[in-house]
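The chain below stands alone and is given in structure tokens; this is the form predicted on its own.
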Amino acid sequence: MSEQQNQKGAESGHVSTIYHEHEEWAVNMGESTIHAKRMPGFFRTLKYATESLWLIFFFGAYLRWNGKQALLLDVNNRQFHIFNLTILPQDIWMVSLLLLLTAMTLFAVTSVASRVFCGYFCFQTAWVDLFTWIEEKVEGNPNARHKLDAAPWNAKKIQKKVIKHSIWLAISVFTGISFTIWFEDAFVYWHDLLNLNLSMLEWSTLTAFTFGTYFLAGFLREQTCFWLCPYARIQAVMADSQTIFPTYDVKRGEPRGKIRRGAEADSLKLGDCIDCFQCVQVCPTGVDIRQGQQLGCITCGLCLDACDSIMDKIGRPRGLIRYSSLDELDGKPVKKLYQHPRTLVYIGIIFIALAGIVWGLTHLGSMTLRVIPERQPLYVSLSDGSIRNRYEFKVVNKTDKDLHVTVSATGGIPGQVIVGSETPILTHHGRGTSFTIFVKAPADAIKLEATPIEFHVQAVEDAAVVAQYDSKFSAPKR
């Protein structure tokens, strides 16, 4: 701010002092590295807790169940194994519902609390926080890191940089490994990795995730959120004046200025903001929340912790920076959650998708059957006067073992005979098996042109593995 602007502010009774030593905390465009300060507080603890959920990503694939990997997205064999459940391509609609569920959840959360996903759950945010924590342990606090970056290269600087980047690289490699083993058996992968026997695709995936993590979390950091993440652009259309953000109470905080004593303080009538810049120094994206809502704000709440700690020290009430909507700050009525039509639409879609997934999982079964009657011809009249129909059976064995199945039917025509399943038929695990079945019935017992018939298949090895399908037995007009 120029001297002329400061003079005009003083004449109007609004004094705002900006000190040149804080100019480096303007919105960073990538020309310098942001070394955010870490301060304890409720939102910092919450952030640690939510980021810890990513430990599931690192270690979840090592969980075993009945001698197998409990969670395995076996793309090569087109199977998803979730404990005892096996989801095959025929059930891919549930994966689509899961994607819809996660997307609508993200939209609903954004409409209520802005980019809270970015601040607490996003993998980029979590990895950057981990990398900067390591950086702080190796190189020191933000001031020490700024000095180290500006210092000439010497043995001490090289040593710290090598240690830091070695740890970063190790975490990046482990990230690539952890991603890959969700798609193949973890123990087999580690055996092949240690013996340098991975396929070209596996090496490519490991390399891409290693250097992607190392570069995005170690170097680009908040620039990824600014320029590469599409969510930063589209979230604005999902928020409105009722959406909750970290907000600065301008009426209470302005005019800001350093704490003064005596008559000078009374004449200035300063607000509660003492211009300490702690809210900016803890921000992982380097924005100044006092300037209003900005693209770089990821709604992490760390500025709330910083401001509250300062308010406690100077004996002023907390909440100068708080989670609030723009309408609330302007003194307008605050709507309840159920008064947001858009949010209710999101929640409705979430419940529909969730209900579909639950229904699909509870009706998944260990085996599915589909029966396709032959259309040309619909039936065949045999020389003995009986009528015969031909059916194509498609049995999907969702278990992890090959099973032999028997075929039976209920309903249909009295005296009907099933031909083609005199001996149990082998079905292969994890995929479909097709075979042909004929049903022959005496003509004089047929009363309808299309008679309902229900086919059943049952595993010989496990009687609980069954499936059925409703079809029709076709005959000449009566």
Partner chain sequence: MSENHNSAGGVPTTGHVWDDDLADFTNQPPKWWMIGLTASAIWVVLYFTMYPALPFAATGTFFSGVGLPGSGQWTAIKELAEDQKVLDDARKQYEDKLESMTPAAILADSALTEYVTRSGKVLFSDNCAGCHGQNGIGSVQNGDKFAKREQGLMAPILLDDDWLYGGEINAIHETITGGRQGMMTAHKETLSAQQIDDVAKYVKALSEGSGDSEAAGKKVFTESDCTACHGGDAKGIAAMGSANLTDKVWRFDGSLEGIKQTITYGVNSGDADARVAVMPNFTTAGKLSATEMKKLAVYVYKFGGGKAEEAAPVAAAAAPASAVEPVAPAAK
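Positions refer to the first chain, counted from 1. From a predicted model like this one, the values you see are computed outputs, not experimental measurements.
One more form of this protein, predicted together with its partner chain, exists but is not displayed; see below.
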Which listed residue (R322, K161, R390, H340) meets the criterion of a heavy atom within 4.5 Å of its partner chain in the predicted bound form? R390
Since exactly one of N66, S52, S434, S32 fits, which has a heavy atom within 4.5 Å of its partner chain in the predicted bound form? S434
Hey, of 174-182, 343-351, 376-384, 285-293, which bit sits against its partner chain in the predicted bound form at 4.5 Å between non-hydrogen atoms? 376-384
So, Q90 and its partner chain: in the predicted bound form, are they within 4.5 Å at any heavy atom pair? no
Does P442 reach its partner chain in the predicted bound form if we count a contact as any heavy atom within 4.5 Å? no
Residue contact check: K447 to its partner chain in the predicted bound form, 4.5 Å heavy atom: no
Taking its partner chain as it sits in the predicted bound form, is D470 near enough to touch it, meaning that at least one heavy atom pair lies within 4.5 angstroms? no
Taking its partner chain as it sits in the predicted bound form, which residues of 451-465 have a non-hydrogen atom within 4.5 Å of it? Please list them. V460, E461
